[in-house]
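Quick setup: one chain, the form predicted on its own, written in C-alpha cells, and binding and motion questions come after.
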C-alpha cells in the first residue's frame, strides 16, 4: 500500500513505523474472514483492511471523523488478522499509532470516562473495595510450603487478579512450589502497563513499563530464572515491550531481555515433569484467549497440555474468534461485546462440558456472565482441593 505521509510526520519514529506497516499491506482481504467485528456487521470499515485505510487517511490528511473513531474503537485488537495475514502486517502496532493520533479528537465525555477507568483500575485500594461484590474465584486450598530445589521465578500477580480471582495466583504459586521453585510475586501496584497503553495513555504506560524493566532486570541479574504470567493479556504486553522503544533507546535492550525471560504459565509448565500434580477426570471446554493464540503465537499449547494430563476436551467451533472481553472493550463497547460473548458461550457449551476453562482473567469473568457453567482459569484444575469442582 503506497503512502504519502506529511514530511513532518514521515521523519518521526511513529511515522516511519506506520509507513513500513502500511506498505506491507497488499489489500488481499484474508483478514476479513477472521475478524470478529466484520463477521457481525459486514461493514468493511469494521475490518482490519478498512481500519488500515482509515488510519492511512488520518496520517496522510489528518481526516478522522467521529464515525472513523467509532470504527476504530470497535476493533478488539484480538490480532486474529495477524495470524491470518500472509504478508505479516503488524496490525496491532498500527492500530496503536492510529488510536494515539485520534485520542485528542474524542468528545470530552469519552476522555473523562477513559481517564476515570484507568485511575480506578490502577489503584488497588479502590479495586479492593469491590471485593465483596465482584470476587469470582476465592482461594480454595492451603498454602504449600516446600524447600526450593530448582530456582527462582517471578509471578506477575496483576492489578485486579488478586482481588477478583485470587485462586489463580494462589494455585499457580502452589503448583510452582510443588515443582521445586521459589516463587516471588510482584505487588498489586506493579501494573504491566497494558491498561494505559491500550487506552492511548502512552506516557503513563511508559513510566510504569520502565519501572518494571528496571526492577525485573535487577532480579534477573541476581539469578531469577523466569517471569511467569497467568493472565495472557499481561503476558503479551510484557513480551511486546521491545516494540515500544526505538533500538537506540537504553530501555530497548532491557525490554528485549525481559521479553525473552517471560513465559505464560502453560509455556513454562510444558517443559516440566508434572507427574506429581493432581489430575481429575472431567469433561472441559477450553477457551483460548486471543492474547495467547494470536498475540503470543501459542496456539494449541494449553489444549495439548491438558490433554497430556488426561482431561477430556470438547471440540470448539470458531475457537479462533474473540469472546468479546478484550480488556476494557466490554465496558466501552458493551453491545458488540455481548454479541461476541453469546456466540462464544454457545460454541463452548454445545458439547455440554462440566467446566469451562481459559487462560486470562478478562475472558474468565466475561464468559462467566453468559453461562451457568463454572468458568475457571485452567491452572485451577491442578489445585489439590476437592472443593474446586463443587458447583
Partner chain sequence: MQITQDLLQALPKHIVIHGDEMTRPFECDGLSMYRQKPLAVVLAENIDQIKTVIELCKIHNTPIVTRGAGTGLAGGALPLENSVVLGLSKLNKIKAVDPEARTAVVEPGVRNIAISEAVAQHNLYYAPDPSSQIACTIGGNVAENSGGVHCLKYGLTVHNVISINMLTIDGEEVTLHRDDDGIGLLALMNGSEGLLGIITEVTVKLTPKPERVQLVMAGFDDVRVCADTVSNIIKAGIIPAGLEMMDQFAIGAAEDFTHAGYPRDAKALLLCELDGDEQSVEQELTKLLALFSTASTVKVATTEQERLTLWQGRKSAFPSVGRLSPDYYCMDGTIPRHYLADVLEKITHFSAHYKLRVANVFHAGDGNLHPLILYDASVDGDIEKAEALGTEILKLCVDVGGSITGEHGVGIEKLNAMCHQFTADELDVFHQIKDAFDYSGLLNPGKAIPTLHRCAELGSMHVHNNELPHPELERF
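Residue numbers count along the first chain shown, from 1. Please read all numbers here as calculations on a predicted model, not as lab measurements.
There is another form of the same protein, the form predicted in complex with the partner chain; it is not shown, and what comes next is about it.
For the partner chain, considered in the predicted bound form: do all three of 307, 319 and 353 come within 4.5 Å of it, counting heavy atoms only? No, none of 307, 319 and 353 comes within 4.5 Å of the partner chain in the predicted bound form.
Would you please decide whether residue 87 lies within 4.5 angstroms of the partner chain in the predicted bound form, comparing each non-hydrogen atom pair? The answer is yes: residue 87 has a heavy atom within 4.5 Å of the partner chain.
Can you tell me whether residue 12 touches the partner chain? I mean in the predicted bound form, with a 4.5 angstroms heavy atom cut-off. No, residue 12 stays farther than 4.5 Å from the partner chain in the predicted bound form.
Answer for residue 71 alone: is it within 4.5 Å of the partner chain in the predicted bound form, judged on heavy atom distances? Taking the distances in the predicted bound form, the answer for residue 71 is yes, it comes within 4.5 Å of the partner chain.
Does any heavy atom of residue 28 come within 4.5 Å of a heavy atom of the partner chain in the predicted bound form? It does: once the partner chain is placed as it appears in the predicted bound form, residue 28 has a heavy atom within 4.5 Å of it.
Within 4.5 Å, heavy atoms only, one stretch in 342-350, 358-366, 40-48, 324-332 touches the partner chain in the predicted bound form. Which? Flagged stretch: 40-48.
Partner contacts for 50-69, taking the partner chain in the predicted bound form and a 4.5 Å heavy atom cut-off: Contacting residues: 50, 53, 54, 56, 57, 60, 61, 63, 64, 65, 67, 68.
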